[in-house]
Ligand SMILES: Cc1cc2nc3c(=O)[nH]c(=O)nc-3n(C[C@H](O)[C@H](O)[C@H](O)COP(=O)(O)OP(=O)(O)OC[C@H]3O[C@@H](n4cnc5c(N)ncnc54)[C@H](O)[C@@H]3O)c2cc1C
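This document starts with one chain, in the form predicted alone, laid out as structure tokens.
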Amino acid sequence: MSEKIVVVGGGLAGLSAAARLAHNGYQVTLLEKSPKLGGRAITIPMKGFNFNFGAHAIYARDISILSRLENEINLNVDWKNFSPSKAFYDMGTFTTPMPTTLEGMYKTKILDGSNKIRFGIEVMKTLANLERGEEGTPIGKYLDKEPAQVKDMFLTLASSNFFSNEPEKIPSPLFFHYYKRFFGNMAMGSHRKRAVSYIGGGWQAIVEAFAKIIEKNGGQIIPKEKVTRVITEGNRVTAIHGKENVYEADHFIFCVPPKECYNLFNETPYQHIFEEFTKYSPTIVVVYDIGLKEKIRSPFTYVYQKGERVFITDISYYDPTCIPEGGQLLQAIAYLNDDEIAENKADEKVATIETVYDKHFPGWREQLVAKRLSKKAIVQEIKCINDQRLMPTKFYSLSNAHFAGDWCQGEGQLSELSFTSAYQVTSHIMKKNTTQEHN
């Protein structure tokens, strides 16, 4: 008889975990407190436009978990490849190609000739694992040994990949681990050159694809079911309580943030293990999306305003399903640090974004049909800076409880953490089950 699994939380981590386990024959029940699945990965229809919460982009696509799940569980992903030739840095007085490819490296003005060579050498050292950082040393300090242009280039890359305007605080070992994987996906001579891809249909398409796999394989999805408490016996979770029902299972996967875990386990001896992670600050950004009646022609589909650390993506260029005919959907994101949040700087960021829109998409105000503005959008529950650390997917003291989400240990950042932590959890459950069957 197959094992019973209860998944708490219907975001990207919960859905991908439930889909993989259901496909492999487990009896899966997924509980989601909201009426809709997706968590923060939602698509909001408005006046003919589909606004996604955050850019539905996947980094290092070819080695991503979504690509693996395409083969493993027949997940349908409509990939839309990023166009490096249309990605530029706005340096204030001039624009220059982003060095995301060898061609971009050759053309970019952000590095002079000697520093292009030096940057290339550092990339090769990262790939060869000769640069691994140093425990206790943030990347800004670690890169002090590099020429100013090379240091600035690395920090600029990290700012966009980690969604941070304080990239210098990223732990140096995490920085090099991330970019060893990222640069490896783009290695010269490899067919794996798609550093970034978007998802056709946005997050809603992925959410629906996962839900279809779960239900097709006999899994049960229960929306509007808020879990209120966890029951433990010894080192095992034996049941969880919903609004009216009690759910028992062999394994429980909690895909809800640390603060929710802390509250759920408040009547157990294990509440304290979550306390550390409830104190960490999240990655917060300003998201300002605009839907336009007619397309404004621009040489850019992605432009990063380096001085203000604001980037704009022409989402509709990659995903025409998000617009009515002839329209255009642009997404701008500005990063916020803790001081800016405390000082209520979000309104200033909004004004900055509008200035960048004015510069690169003139006339957008006259074409505006709909907009979505979020001044404090959480894009990652635990920000990877300084001594903040991600939560483990498994604790030694809880034998059948597992944890996944962008606040958990895994590969990459943002949605990548949700998918990789969920994949680790499901691999652990499936491996354990296989071992028990052999014994």
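Keep in mind it's a predicted model, so treat the numbers as computed, not measured. Heads up: residue numbers just count along the shown sequence, starting at 1.
Beyond what is shown, the protein has a form predicted in complex with the ligand; the following relates to that form.
Enquirer: Pick from 67 to 75, 281 to 289, 148 to 156, 174 to 182: which stretch has non-hydrogen atoms within 4.5 Å of the ligand in the predicted bound form?
Expert: Flagged stretch: 281 to 289.
Enquirer: Please determine whether each residue of Y89, P97 and I312 possesses a non-hydrogen atom within 4.5 angstroms of the ligand in the predicted bound form.
Expert: No: no residue has a heavy atom within 4.5 Å of the partner.
Enquirer: Among the candidate residues V237, V303, I214, V256, which is the single one with a non-hydrogen atom no more than 4.5 Å from the ligand in the predicted bound form?
Expert: So the residue touching the ligand in the predicted bound form, by this definition, is V256.
Enquirer: Looking in the predicted bound form, any heavy atom of V227 within 4.5 Å of the ligand?
Expert: Yes - in the predicted bound form, heavy atoms of V227 and the ligand come within 4.5 Å of each other.
Enquirer: Whether V8 contacts the ligand in the predicted bound form should be assessed with a 4.5 Å heavy atom distance threshold; does it?
Expert: Taking the distances in the predicted bound form, the answer for V8 is yes, it comes within 4.5 Å of the ligand.
Enquirer: Quick one: is E260 in contact with the ligand in the predicted bound form, heavy atoms, 4.5 Å cut-off?
Expert: Residue-level check for E260: yes, a contact with the ligand.
Enquirer: Given that the ligand is not shown alongside this chain, does K375 nevertheless sit within 4.5 Å of it in the predicted bound form, heavy atom to heavy atom?
Expert: Output for K375 is no: heavy atoms all beyond 4.5 Å of the ligand.
Enquirer: Going by the ligand in the predicted bound form, which residues of 376 to 406 come within 4.5 Å of it through any heavy atom?
Expert: Read in sequence order, the residues that approach the ligand (within 4.5 Å, in the predicted bound form) are A377, I378, V379, G405, D406.
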